[in-house]
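In the block that follows, a single chain appears as structure tokens, in the form predicted on its own.
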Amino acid sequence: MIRATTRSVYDWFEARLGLEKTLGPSLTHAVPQSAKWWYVFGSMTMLLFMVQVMTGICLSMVYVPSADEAYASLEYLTYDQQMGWFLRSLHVWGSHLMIAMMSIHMLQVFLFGAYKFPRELTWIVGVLLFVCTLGMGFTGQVLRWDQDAYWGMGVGMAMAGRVPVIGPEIVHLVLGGPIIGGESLSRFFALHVFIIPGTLIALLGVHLLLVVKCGINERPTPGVLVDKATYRETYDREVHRRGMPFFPNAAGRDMIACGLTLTVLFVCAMMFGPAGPNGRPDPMLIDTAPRPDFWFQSIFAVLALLPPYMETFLILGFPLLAGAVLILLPFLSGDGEKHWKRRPMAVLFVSVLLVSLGSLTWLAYQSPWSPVMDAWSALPTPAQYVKGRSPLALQGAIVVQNKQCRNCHALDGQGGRRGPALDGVASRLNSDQIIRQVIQGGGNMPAYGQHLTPAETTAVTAFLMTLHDQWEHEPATGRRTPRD
């Protein structure tokens, strides 16, 4: 009885929707026998996107996209709303895993030569999907609306403002004005919730259609070349002879991989919790060290390390160059060898890319160029640096502490690392050079001539001139004694 009722309901819907005719060919189309576990990352990425959509809908029911109320709504979600912290955790870690799986999928496609004929358009749509995924990650961080979000928005718009001719218009469109104001968060909310997801859904539909129409790339074999004149005929013949139906054979592996992905996502969400918010956004608060999310740490490191005159090229030129190379890749190398063992330049490129991104990300987390904003108040001047000093040198030590020099300069290994350590500064610079550096600045150091009186400058110089490598001048006798 139940079975007959179920069948009649199914037949009723089938007569009106024609699902078997519409979806049947897509589910049962043949795929290469070699399409196994290396081919599951695309399905894992799509699953994570679905999780992002579902958790995002739930969060948007509570989140208030207002500059005045966003932070409070996030705190309510995290601490008061039942299971709100878990929803936020799923959304945050889903974003991280989605970018990770998308990156792995693109690298796998590149190394397997799946961008070659006849899948050029499939690759191009995939590149656009990757860009939109990064856009989702960036706008999602802004919606956390804490110090990192506020300054991240500021940095992003400063980069957009450098676009020739239309830069100010882009900033005005995104922010709702020339500066971050009341409309800015609402517009980022619209980007994150409507515009970018809508674009992703449209591109994903085109991408899946192209996968069905052009077929899944076969596992490359060394020595088997792509010939545009014969590839389609050979592919169709081999898939028909040795292929397997996508469902349930290939789909079964995708389901297992997706189950493992959900398990990892739930474990990360429960163990590590959501990200932020970390302090209300306050443009007047300088005691902050904003950071982007993991996936943008390498950009953070490059911007900090490169000299200023190269910033514009990095911000504008490099993305355009990288995008052009990725888009033109299937047309520049659309045939020939696919297997990675026969494409050493492709392997070298991926290796250099991973090492570079890994190194830059590590440097970003080490942050040797970042100040320690509370060093001047939290770290006392070590006793050995003031013992036996003259009154003028002691006054200089007080000025160094009160003027927050320790935020950027370390003493005895403690303090900021944006500038060089002050230990041994008298061995590197004479008194005139120290005075000129303090007053005029140089390198990463701003000029302090307008912030110090002549007496304070003299006192600071007297103190710094007592700091020598390994040995210090004893103020009273001028003799050198080992540092205590």
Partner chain sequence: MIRRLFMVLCGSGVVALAACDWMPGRPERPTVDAHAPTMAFEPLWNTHCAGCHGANGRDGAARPLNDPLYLSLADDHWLHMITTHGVDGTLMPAMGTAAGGPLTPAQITVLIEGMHDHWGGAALQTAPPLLGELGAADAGATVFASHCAACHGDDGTGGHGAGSVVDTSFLALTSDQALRIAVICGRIDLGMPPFDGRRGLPPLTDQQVSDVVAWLAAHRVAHPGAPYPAVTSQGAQP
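Heads up, when I say rigid core I mean the largest set of C-alphas that superpose within 1.5 Å between the two forms. Residue numbers count along the first chain shown, from 1. A quick note: this is a predicted structure, and the numbers were derived from the prediction, not measured.
Unshown form predicted together with the partner chain; subsequent notes refer to it.
Point to revise | Candidate from Val193, Ala301, Val171, Ala397 lying within 4.5 Å of the partner chain in the predicted complex - any heavy atom | key: Result of the distance check: Ala397.
**Study point:** in the predicted complex, the one of Ala229, Met271, Ala324, Val165 near the partner chain [non-hydrogen atom within 4.5 angstroms]
**Key:** None of the other options qualify; the answer is Met271.
Review point. Within 4.5 Å of the partner chain in the predicted complex, do Ser34, Thr234 and Pro245 each have at least one heavy atom?
Key: No, the candidate spot makes no contact with the partner chain.
Review point. Since the chain is shown here on its own, which stretch among 428-436, 51-59, 415-423, 38-46 would lie within 4.5 Å of the partner chain in the predicted complex, judged by heavy atoms?
Key: Stretch 428-436 is the one.
Review point. Would Ala455 sit within 4.5 Å of the partner chain in the predicted complex, counting heavy atoms only?
Key: Ala455: contacts the partner chain in the predicted complex.
Practice item. Spell out, yes or no, whether the shortest heavy atom distance between Pro380 and the partner chain in the predicted complex is within 4.5 Å. Key: Yes, Pro380 lies within 4.5 Å of the partner chain in the predicted complex.
Review point. Taking heavy atoms and a 4.5 Å cut-off, does Tyr79 contact the partner chain in the predicted complex?
Key: Tyr79: yes, in contact with the partner chain in the predicted complex.
Check your understanding: Is Pro391 a contact residue for the partner chain in the predicted complex, using a 4.5 Å heavy atom cut-off?
Key -> Result yes; Pro391 sits at the interface with the partner chain in the predicted complex.
Check your understanding: Of 167-195, which residues get within 4.5 Å of the partner chain in the predicted complex if you count heavy atoms?
Key -> Counting only heavy atoms within 4.5 Å of the partner chain in the predicted complex, no residue of 167-195 makes contact.
Exercise for review: State yes or no: after fitting on the rigid core, is the Cα displacement of Met54 between the shown form and the other one at least 2 Å?
Suggested key: After core superposition, the displacement of the Met54 C-alpha between the shown form and the other one stays below 2 Å, so no.
Check your understanding: Would the C-alpha of Asp68 be classed as shifted by 2 Å or more between the shown form and the other one after rigid-core alignment?
Key -> After core superposition, the displacement of the Asp68 C-alpha between the shown form and the other one stays below 2 Å, so no.
Review point. Is the C-alpha displacement of Ala324 equal to or greater than 2 Å between the shown form and the other one once the rigid core has been superposed?
Key: No; Ala324 is a residue whose C-alpha shifts by less than 2 Å between the shown form and the other one when the cores are overlaid.
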